[in-house]
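Below, in structure tokens: the form predicted on its own, a single chain.
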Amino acid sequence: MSKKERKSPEESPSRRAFLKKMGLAAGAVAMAGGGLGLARALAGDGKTGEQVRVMTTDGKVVAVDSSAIAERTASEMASEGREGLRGKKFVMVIDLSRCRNARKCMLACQDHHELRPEQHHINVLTMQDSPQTAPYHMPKPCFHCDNPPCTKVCPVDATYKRQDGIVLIDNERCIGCRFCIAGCPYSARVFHWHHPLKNSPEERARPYDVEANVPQRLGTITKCLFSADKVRLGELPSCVSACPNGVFYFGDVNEDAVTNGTTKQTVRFSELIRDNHGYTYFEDLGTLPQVFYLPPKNRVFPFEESSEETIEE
């Protein structure tokens, strides 16, 4: 990391301020915007005793009972999931010089989105640019493109791009045609050939949360979601938080700020990309990916073959 990126607390926005902007103001507005749940909590119905800070529609931060979140209905979650967080434009940066194929990102994602062991929203590839260069590890999620071909081929509007840049899948609309899989040039989507990991009648009866894509459903599609449900609450995506080596940054382009999941350092997105020669995958396709890579130079860890099976490109 260059000296320009190592900002003092006075120079760079603090993580607390960044997460407050990213999550408390936007995510809590959505919870308050649901109306029914917040009203019930304020009225004192079914209180749990656990206080949660949310922002009301008139811009006031109030403490309410956590039942406000629990009372969100399926229709409220669907509406919020379609709209996204107003004024936000989310982006991810992956530093290839720091990846040692720990695969903690994959495990955390599988756990959060209730995936089977063979299913991945994010995979770690073994890459080698030429016979003369050293191989390196490359995490590959969905790229949440600004010009996503997957959304254009879906005949039922099950996959869509929100105003905050996140591309989601609504499995209550999905008919399993797999046109989006064919349309994605990055092989970022997975089809549910088998029953989900959690398949009891009680699990299937849960209200569907499109931002987490749970409960998962047989015969539908799943993919990386930037952990949209966690982002709504002001948290970092599961993969970003789980990485022990500081590979991932996540944040808001409109704020020009991204936070590293390991060091908890917030830096300017524009400077991080400019000073480290950031790039996107298959730029010539015109899909405008919103996941950026920093090249594997000045590597923190030597390349090691993993005992885990890797997919090679």
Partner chain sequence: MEKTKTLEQIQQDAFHPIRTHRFAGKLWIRFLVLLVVLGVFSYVTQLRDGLGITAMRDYSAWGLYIGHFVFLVAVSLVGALVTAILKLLNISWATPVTRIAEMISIAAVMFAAITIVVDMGRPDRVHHVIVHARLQSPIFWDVFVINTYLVISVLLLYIPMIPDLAMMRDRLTDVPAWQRKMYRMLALNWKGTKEQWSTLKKTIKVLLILVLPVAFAIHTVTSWLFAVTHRTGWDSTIFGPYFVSGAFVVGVAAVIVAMYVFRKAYKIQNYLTIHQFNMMGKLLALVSIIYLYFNLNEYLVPWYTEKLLDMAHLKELFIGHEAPLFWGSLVIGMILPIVLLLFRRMRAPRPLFFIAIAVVLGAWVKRMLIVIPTQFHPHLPIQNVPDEFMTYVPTWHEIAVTGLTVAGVFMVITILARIFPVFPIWEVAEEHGVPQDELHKNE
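Numbering follows the first chain given and starts at 1. A quick note: this is a predicted structure, and the numbers were derived from the prediction, not measured.
Only in words, not in the display: the form predicted in complex with its partner chain, which the text now covers.
Site residues Val93, Val167 and Lys198 are none of them in contact with its partner chain in the predicted complex, judged by any heavy atom within 4.5 Å. Note on the partner interface in the predicted complex: the residue among Leu233, Leu107, Ala78, Ile175 having a heavy atom within 4.5 angstroms of its partner chain is Ile175. Interface residue among Val253, Ile273, Leu285, Val62, judged by heavy atoms within 4.5 Å of its partner chain in the predicted complex: Leu285. Val124 belongs to the set of residues with a heavy atom inside 4.5 Å of its partner chain in the predicted complex. Residue contact with its partner chain in the predicted complex: His113 places no heavy atom within 4.5 Å of it.
Under a 4.5 angstroms non-hydrogen atom cutoff, its partner chain in the predicted complex lacks Ser241 among its neighbouring residues. Taking the partner from the other structure, its partner chain in the predicted complex has no heavy atom within 4.5 Å of any heavy atom of Arg206. Contacts to its partner chain in the predicted complex (heavy atom within 4.5 Å) from stretch 189 to 226: Arg189, Val190, Phe191, Trp193, His194, His195, Arg217, Leu218, Gly219, Thr220.
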